[in-house]
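Presented as structure tokens, the chain that follows is alone, the form predicted on its own.
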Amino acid sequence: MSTTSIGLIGIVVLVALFIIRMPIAFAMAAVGFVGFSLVTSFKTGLAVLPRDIFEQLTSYSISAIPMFILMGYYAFSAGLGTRLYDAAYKILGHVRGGLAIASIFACAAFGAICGSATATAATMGKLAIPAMKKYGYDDTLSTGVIASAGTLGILIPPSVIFLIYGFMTEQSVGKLFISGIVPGIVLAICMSMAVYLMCLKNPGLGPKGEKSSFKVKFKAAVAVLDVLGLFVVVIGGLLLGFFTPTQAGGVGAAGAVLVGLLRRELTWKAFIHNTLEAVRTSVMILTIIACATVFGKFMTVARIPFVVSDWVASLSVPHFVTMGVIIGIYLLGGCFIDAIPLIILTIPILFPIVLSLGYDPIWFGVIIVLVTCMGVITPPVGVNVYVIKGIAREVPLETIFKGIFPFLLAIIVTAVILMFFPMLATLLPSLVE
């Protein structure tokens, strides 16, 4: 049996293990170890397994991931999300559908200090869904908009997905971070347009809220200047070379704690709880990355990336068609596999193909994150939908899934815009050469 055949069988076995719900990290490590041993030898496999895992977990560059996760959890425990939503509500809540639109921009703002789609959805869901229920918003809109807008947490920098992508492709984390700013704003606008059009067609979906005076709006905006300052310090320090990515995450986490202490919104109980949650999340992600390295080594010796790359190169189709197929793979895969393992699993295979087609790796990173946004809300995985279900227990799951589809269309529109106007993602990174 050829090495390529062994590699293809390994992929099928891995998918089967995913289907029977074996933990993703252990499935990749097991298939990678067995496959690598079959292609080389059992002795070599025993040597590679612990070495690769140890090298990944002791790598300094990967330490940025737990730091930014910690920053997001501390921002949540310090009450930053509450003030962001309050400001957005007072500025936009008086228009029809305004509470939903305010929730979108509050999610975008919280994403600037969080980096996680689920944390953003959970934070804003606890604040926005009761408020929208109070003002008579339809459950389909109120739950669907929060589940969908939570995805802005992984597009607006800092982003855990960008960190992992940069780590795996050796791209500048700072450039990847700022590459998501403009696309994130475009996506927020497209989602807001979706809300506006829905409420225009059916005014009962999103009634108007209370109108605030200019003075109240101004005070609410001033109250979130510390959040803006934290974002500028973290991203600015990273871009200007004052911090490494790990140091930037550490500064952001410390800054979130400091803001919480100064405003007396951070309790000891919340601090301990969110520290433990950050540790659990970090361990999960780092374990997946380490185990995926073993599987990636198996794919390399089985020559799967080279075979796929040669096959793509032999196709007599325009490059944008090939890119469309790659995006389709991520979109379909995102329906069944969580975002982080999907990216870790596919980047070693697909990234060389993207480079061979002449596409900008920074632009491709933004596209990957956008498509990942779709996977976070599409059934049957749709992790953000289940997060919102946990908050709005009385709302049927099918109602929430129904509510995400207009916003799924908004994400697709944003991806198409980026396909035709890649400078939206590459302009800011090009300015910090």
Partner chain sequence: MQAFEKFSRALARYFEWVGAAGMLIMFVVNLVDVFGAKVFRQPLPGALEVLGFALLVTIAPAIAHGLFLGTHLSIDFILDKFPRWLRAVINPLIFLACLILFVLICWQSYVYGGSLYRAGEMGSSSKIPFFPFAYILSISCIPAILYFAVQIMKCFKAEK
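Under this definition, the rigid core comprises the largest set of C-alpha atoms superposing within 1.5 Å between the forms. Quantities reported herein were computed from a predicted structural model and do not represent experimental measurements. Numbering follows the first chain given and starts at 1.
The same protein also exists as the form predicted together with its partner chain; that form is not shown, yet it is the one meant from here on.
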Quiz item: Okay, which stretch from 180 to 188, 82 to 90, 253 to 261, 200 to 208 lines its partner chain in the model of the complex, with non-hydrogen atoms inside 4.5 Å?
Solution: 253 to 261
Quiz item: Is its partner chain close enough to K134, V227 and M374 in the model of the complex that each of the three has a heavy atom within 4.5 Å of it?
Solution: no
Exercise. Check each of F231, Y359, Y196, F271 and return the one that places a heavy atom within 4.5 angstroms of its partner chain in the model of the complex.
Key: F271
Quiz item: Counting only non-hydrogen atoms and a 4.5 angstroms cut-off, does I288 reach its partner chain in the model of the complex?
Solution: yes
Quiz item: Is F364 one of the residues lying within 4.5 Å of its partner chain in the model of the complex, judged by heavy atom distances?
Solution: no
Self-check item: Distance check, V354 to its partner chain in the model of the complex, heavy atom within 4.5 Å
Solution: no
Self-check item: V12: touches its partner chain in the model of the complex, heavy atom cutoff 4.5 angstroms
Solution: no
Quiz item: What residues, if any, in 384 to 407 have a non-hydrogen atom within 4.5 angstroms of its partner chain in the model of the complex?
Solution: Y386, K389, R393, L397, E398
Exercise. Using a superposition on the rigid core, decide whether the Cα position of F33 changes by 2 angstroms or more between the shown form and the other one.
Key: yes
Quiz item: Quick one: core overlaid, is L197 moving 2 Å or more at the Cα between the shown form and the other one?
Solution: no
Exercise. Examine H273 after superposing the rigid core and state whether its CA is displaced by 2 Å or more between the shown form and the other one.
Key: yes
Quiz prompt | Shift in CA distance, V251 and P158, in the model of the complex relative to the form shown here, given it is 3 Å or more | solution = farther
Quiz item: Knowing the Cα distance between P158 and N274 changes 3 Å or more in the model of the complex, does it shrink or grow relative to here?
Solution: farther
